[in-house]
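For reference, the chain that follows is the form predicted alone, supplied as structure tokens.
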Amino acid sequence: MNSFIELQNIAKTYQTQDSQVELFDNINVTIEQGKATAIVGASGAGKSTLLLICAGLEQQSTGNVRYVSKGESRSIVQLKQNSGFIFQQFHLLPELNALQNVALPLKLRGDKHAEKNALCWLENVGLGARAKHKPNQLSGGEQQRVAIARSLSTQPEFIFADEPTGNLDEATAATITDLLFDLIHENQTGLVMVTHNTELALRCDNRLNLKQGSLNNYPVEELAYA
């Protein structure tokens, strides 16, 4: 049985100096392992906040996030342990080379073969020959490849990505997109992604349009930004 994340009646509000701002309310959606889900919508709609709530990295104001793995309910801490993250800014540690960046989460888990396994993942993203290079010696596309290898190295059930191609030129973004989708399909990893890129969203199995505090689920046949 595939794992899933279920959002039940989720709402998120912020208190400003003058008033309370409601980002969204009554969000109900199920995110399945092995499928790709895009969160789309206008700037400021709360897409990144919703992504972080899905990942257990931000607390919702009301509602419940339920994580089920191998048929059993698990804690949000376990969800974070079974997740990987890819961001627009790459977030590689500048003092570490590519191999060390990918190996770090493996070492934190006590993997005795962390560097050997990290090298395998770098080879999977076509960067085996660049393993000893630090981030400032890599192009933007290469840095994002390292970030993808790092996120998948622990073989997570879910990957959460926030505008993963936002800092890349069009040609590099297309290559990175192909690589990411190939790897998640090969590993049966669930992908939850915030994107403004219509073509990228259309490659996902499901598209969730966050608009005026509500969420609409667009089937594959429909345009993501309808």
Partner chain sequence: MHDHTNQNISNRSLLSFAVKKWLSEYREQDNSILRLCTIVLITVILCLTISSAGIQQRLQQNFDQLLGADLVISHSTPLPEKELIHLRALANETSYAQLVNVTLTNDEHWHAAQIKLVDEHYPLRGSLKVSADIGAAASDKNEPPIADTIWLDSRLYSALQLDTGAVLTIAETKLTVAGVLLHEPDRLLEGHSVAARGLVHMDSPLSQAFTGSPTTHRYSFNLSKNKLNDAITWAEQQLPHADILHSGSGHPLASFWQRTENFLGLVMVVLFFMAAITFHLAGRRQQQKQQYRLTLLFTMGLNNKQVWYMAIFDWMLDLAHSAIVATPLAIVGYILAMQQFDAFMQLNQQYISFPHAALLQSFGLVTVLLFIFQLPAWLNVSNISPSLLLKQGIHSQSSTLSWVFSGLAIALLAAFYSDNPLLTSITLTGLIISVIVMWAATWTVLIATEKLSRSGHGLFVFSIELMRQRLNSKATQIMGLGLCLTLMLFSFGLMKDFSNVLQQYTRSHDGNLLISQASQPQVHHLEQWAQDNHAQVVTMKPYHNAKLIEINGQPFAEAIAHPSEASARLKKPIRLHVTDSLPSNNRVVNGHFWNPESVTSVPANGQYHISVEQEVMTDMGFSIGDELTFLLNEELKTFSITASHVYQGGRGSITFWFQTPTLLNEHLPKSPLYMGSMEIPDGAWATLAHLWKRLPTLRMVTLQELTARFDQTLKLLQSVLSIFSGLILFMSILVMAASVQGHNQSDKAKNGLLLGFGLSKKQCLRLVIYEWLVTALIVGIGSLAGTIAIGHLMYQSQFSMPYQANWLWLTGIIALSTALIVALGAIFNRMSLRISVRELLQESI
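Residue numbers count along the first chain shown, from 1. This structure is a prediction, so every number in the text was calculated from the model and none was measured.
Below: the form predicted together with the partner chain, not depicted.
Of the heavy atoms in R150, some are within 4.5 Å of the partner chain in the predicted bound form.
T30 falls outside the set of residues with a heavy atom inside 4.5 Å of the partner chain in the predicted bound form. The partner chain in the predicted bound form comes within 4.5 Å of no heavy atom belonging to V68. The partner chain in the predicted bound form is approached by Q100, whose closest heavy atom lies within 4.5 angstroms of it.
With the partner omitted from this view, the residue of S73, Q137, Q89, Q155 that lies near the partner chain in the predicted bound form is Q89 [heavy atom within 4.5 Å]. With the partner omitted from this view, the residue of A45, L52, A173, L183 that lies near the partner chain in the predicted bound form is L52 [heavy atom within 4.5 Å]. Contact with the partner chain, judged by heavy atoms within 4.5 Å in the predicted bound form, is confined among 184-192, 36-44, 55-63, 197-205 to 55-63.
The candidate site formed by K80, L96 and D162 is fully in contact with the partner chain in the predicted bound form, as each residue has a non-hydrogen atom within 4.5 angstroms of it. Scanning 19-46 for heavy atoms within 4.5 Å of the partner chain in the predicted bound form gives no residues at all.
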